[in-house]
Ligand SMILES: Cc1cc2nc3c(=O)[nH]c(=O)nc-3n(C[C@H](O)[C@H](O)[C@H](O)COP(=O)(O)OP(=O)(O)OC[C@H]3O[C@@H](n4cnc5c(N)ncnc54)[C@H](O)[C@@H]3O)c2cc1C
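Here we start with a single chain on its own, the form predicted on its own, put down as structure tokens.
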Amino acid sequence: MLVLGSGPGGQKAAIAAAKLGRRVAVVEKRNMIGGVCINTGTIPSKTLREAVLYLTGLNQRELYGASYRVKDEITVADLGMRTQHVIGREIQVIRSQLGRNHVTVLPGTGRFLDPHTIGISGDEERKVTADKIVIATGTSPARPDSVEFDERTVIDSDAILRLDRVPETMVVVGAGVIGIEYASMFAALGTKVTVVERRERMLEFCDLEIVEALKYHLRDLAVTFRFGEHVAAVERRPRGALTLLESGKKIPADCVMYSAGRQGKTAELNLEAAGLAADDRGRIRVDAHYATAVPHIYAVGDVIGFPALAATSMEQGRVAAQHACGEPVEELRELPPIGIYTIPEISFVGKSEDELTRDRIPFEVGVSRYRELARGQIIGDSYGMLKLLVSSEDRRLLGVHVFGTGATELVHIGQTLMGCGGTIDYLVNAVFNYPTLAESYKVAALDAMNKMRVVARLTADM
């Protein structure tokens, strides 16, 4: 098996095939082991977030006052030190895993010469043939043709980690996951951030109440939102940039970051030679086992599109490798959790209120607020909340939505209960450690149960 790309999907595909006794090689650029995820995407941005939270002392201000700071003047060097340390360690871990499993790393860039042959350009030109091929080349930030990027004043999300200073003002174009994550981080650093979004709301796939809570919190950090606005042009000036909106507004800023989605990295693969084609966003179509239209060629990770998460990419890689090796494998479950690392963070699994209402599924809502939990008071989180959506008919858990500290960790309790087909009776009767944020599940379950009990009582009186 030959794997193109060493990101989460490619790495797990290679290791899974190696565990099954296959001879495996991975093609990757010399300075990009771990792919975008490790080098410019998930790991750097999440590490940057932790550095911001620590250095600003943001999480402690509830306890020690709004003026509390760990460091008054935070520099890019302060932020980059922790980020580079983590990236270096993660690259070592991946190299070690590939080495232990006898996976050969072929440095360079691969392209199809025919359905079974890959030409690799790098330190030396070489051809490699393989019975099975996995495309895991990932994505790169989409760059509108009308925008002149200069890596300093007008940038994309990859270049944001290479800024030479923390900007005083910033415009973020696009209120998707990446745009809002970076907007919240720089707002926490004290940057005056303006978010421009052509749609009428941000994070449309998230629960509306949770998004409103995040928006309120970001406004408290002096973030300005311009919804329903289109960028007409960005003009670079000696001291920054001027963003011109179609409505006539002009927004001056030190830096403009475009977050206009991502494009599949397939342009250099010469897919035609393999009998394949990508869509206009560079994505490759696959079946339930991640096989392409050419049966021995698979594609996994962001290059196949939604949900484009590191966690799902890993599972896709494993499933594709097992199928390619003729091993029985279950399809991925329909319950992947979504984690958004804003400040504060958001995570959810299952259905939203809008989806259940649209599908005419009766449900009850149970809510727990961190400010009512002892652990919430201890950590100084008064804004967090956990919301359970419960079937009114059989008390099954239909959705979990969390906002606040530890949201991306907490969501897995609900995910596990839903995966096992459990009801909130378990949460009502379970004993949780005290004081913890996890006990928010019991509080929210009791809230939902009490509401359903009132409805049942009134129904019985009719």
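Because the structure is predicted, anything quoted here is derived from the model rather than measured. The first residue of the sequence shown is number 1, and the count goes up from there.
Below, we refer to the form predicted in complex with the named molecule, which is not included among the displayed structures.
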Segment assignment from 296-304, 321-329, 375-383, 222-230: heavy atom within 4.5 Å of the named molecule in the predicted complex:
296-304
Do K29 and the named molecule share at least one heavy atom pair within 4.5 Å in the predicted complex?
yes
So in the predicted complex, does K46 come within 4.5 Å of the named molecule, heavy atom to heavy atom?
yes
Test of understanding: in the predicted complex, would L388 fall inside 4.5 Å of the named molecule by heavy atoms?
no
Proximity of S368 to the named molecule in the predicted complex, heavy atoms at 4.5 Å
no
Heavy atom within 4.5 Å of the named molecule in the predicted complex - residue from I155, L271, I74, L309
L309
Sort through I178, I94, L203, V234 and report the residue having a heavy atom within 4.5 Å of the named molecule in the predicted complex.
I178
Between 35-63 and the named molecule in the predicted complex, list the residues on our side with a heavy atom within 4.5 Å.
G35, V36, C37, T40, G41, T42, S45, K46
